[in-house]
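Shown below, as structure tokens, is a lone chain in the form predicted on its own; questions about how it binds or moves come after it.
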């Protein structure tokens, strides 16, 4: 799960996906395309909205997406087209590029960072529905 700073959208997606697939043997992680917040926990508003839905993301730490992630992960879901472009720029092989897609096909998950709690709740709902659909594709 990839967004810009790895403190708002991608930690929510990471936590939601893990919560929904806890019974499956799938590894989930998240990262940001920028290094603004490396080592920091998710934004308090992301933590609050996740907690309000029974998901604890407080132990996550922001990290930057690297080219090695193409080797570590089978699927790379990005939150918007800007992050898609940033991730694709790091891909050196078609096999890597084929792993990258928007979490919600043809739709961007808006960055709630500069808004209030309501924006985080809307973001949560979008990501939750998308994760439910994605999970159905996994055996």
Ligand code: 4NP
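Here the structure is a predicted model, which means the values were calculated and not measured. Positions refer to the first chain, counted from 1.
Not on display, but discussed next: the form predicted in complex with 4-nitrophenyl phosphate (4NP).
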Of 91 to 99, 108 to 116, 65 to 73, 51 to 59, which is the one stretch near 4-nitrophenyl phosphate (4NP) in the predicted bound form, taking non-hydrogen atoms within 4.5 angstroms as near? 108 to 116
Contact with 4-nitrophenyl phosphate (4NP) in the predicted bound form for residue 1, defined as at least one heavy atom pair within 4.5 Å: yes or no? no
Residues from 1 to 40 in contact with 4-nitrophenyl phosphate (4NP) (non-hydrogen atom within 4.5 Å) in the predicted bound form: 3, 4, 5, 6, 7, 8, 9, 36, 37
